[in-house]
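Single chain ahead, written as structure tokens, the form predicted on its own.
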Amino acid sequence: MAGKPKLYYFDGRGKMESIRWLLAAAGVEFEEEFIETKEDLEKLRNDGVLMFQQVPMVEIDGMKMVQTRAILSYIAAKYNLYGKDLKERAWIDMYVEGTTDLMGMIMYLPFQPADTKEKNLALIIERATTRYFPVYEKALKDHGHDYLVGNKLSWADIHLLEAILMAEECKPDILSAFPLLQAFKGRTSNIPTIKKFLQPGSQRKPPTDEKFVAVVRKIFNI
């Protein structure tokens, strides 16, 4: 029997957090090895396990996988969270790419200069409420199902819930104009594997703080 997937990244959210979410939602236990110093990262690079000299990296099924999108796609397909056919997969991909764009804006906010944060936070809220969330609200309204694609839990739903919770950290009432997304959040948050991941003490990481920013800046000399 194969061992647990092993995740190599910093002890924080970043690009690994969506991978943690997807594994947890699939009910898969995983281990983590945290990169805490520049030397830790250099060792991985010198060992030749990082194809493009970058993390995240996940050891799974005898592979050392890199590139966030490739890792997520593999996990989604392996655990039946990637639709039943090519058309459903295409819809899942479109929705995931949208939430990835939004989450990217939120993810990089703590790394931005203090004098631009307020402006960028306002842009995140504007984009979330006028560009991204209306798409998902309309999708749920048009087909009347509980989930975004195929009336079955998929990677798109897990990714969207992660994005919603990140956006609520920016503005707690950000879903006030989206009743179907509010209901969606309630449903998906109570799926047993996800509910467990949302409990204190899980491997879910807290919002990015100054300490995590400082660690990343030191490792990358930025």
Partner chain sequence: MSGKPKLHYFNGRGRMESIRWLLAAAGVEVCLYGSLLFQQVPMVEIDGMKMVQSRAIGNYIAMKYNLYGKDLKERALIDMYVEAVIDLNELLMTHILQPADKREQHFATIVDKATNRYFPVYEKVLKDHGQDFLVGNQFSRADVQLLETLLMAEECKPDILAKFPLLQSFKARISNIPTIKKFLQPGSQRKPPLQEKDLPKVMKIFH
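Keep in mind that what you see is a predicted model, and the values were worked out from it rather than measured. Positions refer to the first chain, counted from 1.
As for the form predicted together with the partner chain, it is not shown, yet the points below apply to it.
Contact with the partner chain, judged by heavy atoms within 4.5 Å in the predicted bound form, is confined among 29 to 37, 59 to 67, 173 to 181, 156 to 164 to 59 to 67. Looking at Ser73, you'd find a heavy atom of it within 4.5 angstroms of the partner chain in the predicted bound form. The closest heavy atom approach of Asp93 to the partner chain in the predicted bound form falls within 4.5 Å. The closest non-hydrogen atom of Ala114 lies beyond 4.5 Å of the partner chain in the predicted bound form. In the predicted bound form, the partner chain sits within 4.5 Å of a heavy atom of Gly98. In summary, among the residues Lys78, Lys138, His145, Lys84, the only one with a non-hydrogen atom within 4.5 Å of the partner chain in the predicted bound form is Lys78.
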